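Okay, so here's just one chain, in structure tokens, the form predicted on its own.
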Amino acid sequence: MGTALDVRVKRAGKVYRDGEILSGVVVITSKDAVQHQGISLTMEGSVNLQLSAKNVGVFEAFCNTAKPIQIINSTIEMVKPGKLPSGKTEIPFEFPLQMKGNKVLYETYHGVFVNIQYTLRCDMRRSLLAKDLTKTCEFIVHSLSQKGKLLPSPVDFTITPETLQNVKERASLPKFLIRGHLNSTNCVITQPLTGELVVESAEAAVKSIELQLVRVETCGCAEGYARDATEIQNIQIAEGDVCRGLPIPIHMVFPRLFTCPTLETTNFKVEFEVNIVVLLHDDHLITENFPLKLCRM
């Protein structure tokens, strides 16, 4: 066994907020004494933007502005050059998670075209003959709770062949009437999206009813913006030809890391929508879209 390097933060969930102290230990394990040229710890936070394949070439100028946006970057020297004893050495650290000026700590978010990530990187520099050691550990940043009360915004919906958009042959559609409501499209990210749906009537048999959560990511600059919608998760709430007039509960939990409070900045936007998708037996696909506003309370 050679020399092993590890970075551990104190909190099991690895979740921190602006203004808190990020603390933990760097652990070095080796069966022999280790000579080193110094050990440093770097805290980094950045937003990585990229264009989808369909937009590449549409505006090359984006390539110049699509460099990672740095949110936070600070390094501390933990140990000066010297020698560590054999066995296990633990070096504690504390890092204040504080933004300078009017900068904002965006919430951790793992998307397709927008990625917001925070890491701790420990570097142990060694002599020319021995390879430098590096270990990276991701921690999660949650944005501060919004002040004030969240006003619920209930939405009632009715879906019939007449209410559908983007339909070429409306006459060939089987007749149906679907009603329902969402309790609120202003959502607290830690609470589920709820509501109910009722199939009042349908000439064709129902095959499946699903809830589809979608992220809408916009990246760009003055030259233009690229907007892409991608699916995060799909939950089936009914299967088969459901009883007419029976209320079907709508319940969707927002997944951690793949969702974040709705975010709008100069260079990028992260928004969310939910689709109610009804599939009929003759393969007619009915989709109703609802924009959501997510926040952390």
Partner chain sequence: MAAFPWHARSRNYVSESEVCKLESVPLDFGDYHPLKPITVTESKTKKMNRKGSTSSTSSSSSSSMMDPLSSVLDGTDPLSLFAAAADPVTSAPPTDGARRKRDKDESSAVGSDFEPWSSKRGEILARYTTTEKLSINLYMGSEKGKVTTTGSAVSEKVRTRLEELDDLEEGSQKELLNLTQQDYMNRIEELNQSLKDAWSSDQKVKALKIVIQCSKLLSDTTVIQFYPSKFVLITDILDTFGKLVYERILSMCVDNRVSLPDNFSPESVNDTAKETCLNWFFKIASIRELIPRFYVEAAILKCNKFLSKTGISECLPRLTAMIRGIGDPLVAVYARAYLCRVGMEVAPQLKESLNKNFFDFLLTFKQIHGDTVQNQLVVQCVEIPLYLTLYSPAIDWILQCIAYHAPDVLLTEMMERCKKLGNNALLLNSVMSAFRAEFIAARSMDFIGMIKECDESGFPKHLLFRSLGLNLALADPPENDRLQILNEAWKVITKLKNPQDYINCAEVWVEYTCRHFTKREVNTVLADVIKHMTPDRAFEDAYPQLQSIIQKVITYIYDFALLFSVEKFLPFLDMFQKESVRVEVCKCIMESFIKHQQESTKDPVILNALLHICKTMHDSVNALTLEDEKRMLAALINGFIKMVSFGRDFEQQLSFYVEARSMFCNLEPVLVQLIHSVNQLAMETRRVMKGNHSRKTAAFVRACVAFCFITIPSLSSIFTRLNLYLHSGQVALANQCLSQADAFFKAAVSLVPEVPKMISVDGKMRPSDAFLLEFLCNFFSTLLVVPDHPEQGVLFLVRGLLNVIQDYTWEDNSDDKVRIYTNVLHLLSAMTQEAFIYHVDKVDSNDALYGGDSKFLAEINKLSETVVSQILDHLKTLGKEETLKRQSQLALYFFNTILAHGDLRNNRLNQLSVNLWNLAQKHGFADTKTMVKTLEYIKRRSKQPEMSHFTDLALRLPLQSRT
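This structure is a prediction, so every number in the text was calculated from the model and none was measured. Residue numbers count along the first chain shown, from 1.
Just so you know, the form predicted in complex with its partner chain exists too; it's not on screen, but the next bit is about it.
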Fill in: Heavy atom within 4.5 Å of its partner chain in the predicted bound form - residue from L51, L263, I248, I69
I248
Worksheet item: Which of 36 to 44, 268 to 276, 23 to 31, 248 to 256 has heavy atoms within 4.5 Å of its partner chain in the predicted bound form?
Response: 248 to 256
Worksheet item: For N115, is any heavy atom within 4.5 Å of its partner chain in the predicted bound form, or not?
Response: yes
Worksheet item: Does its partner chain get within 4.5 angstroms of any non-hydrogen atom of G13 in the predicted bound form?
Response: yes
Worksheet item: Is N234 one of the residues lying within 4.5 Å of its partner chain in the predicted bound form, judged by heavy atom distances?
Response: yes
Discussion item. I'd like to know if E162 sits close to its partner chain in the predicted bound form, meaning any non-hydrogen atom pair within 4.5 angstroms.
Written reply: no
Discussion item. Just to make sure I understand: among 123 to 150, which residues lie within 4.5 Å of its partner chain in the predicted bound form, judging by heavy atoms?
Written reply: E138
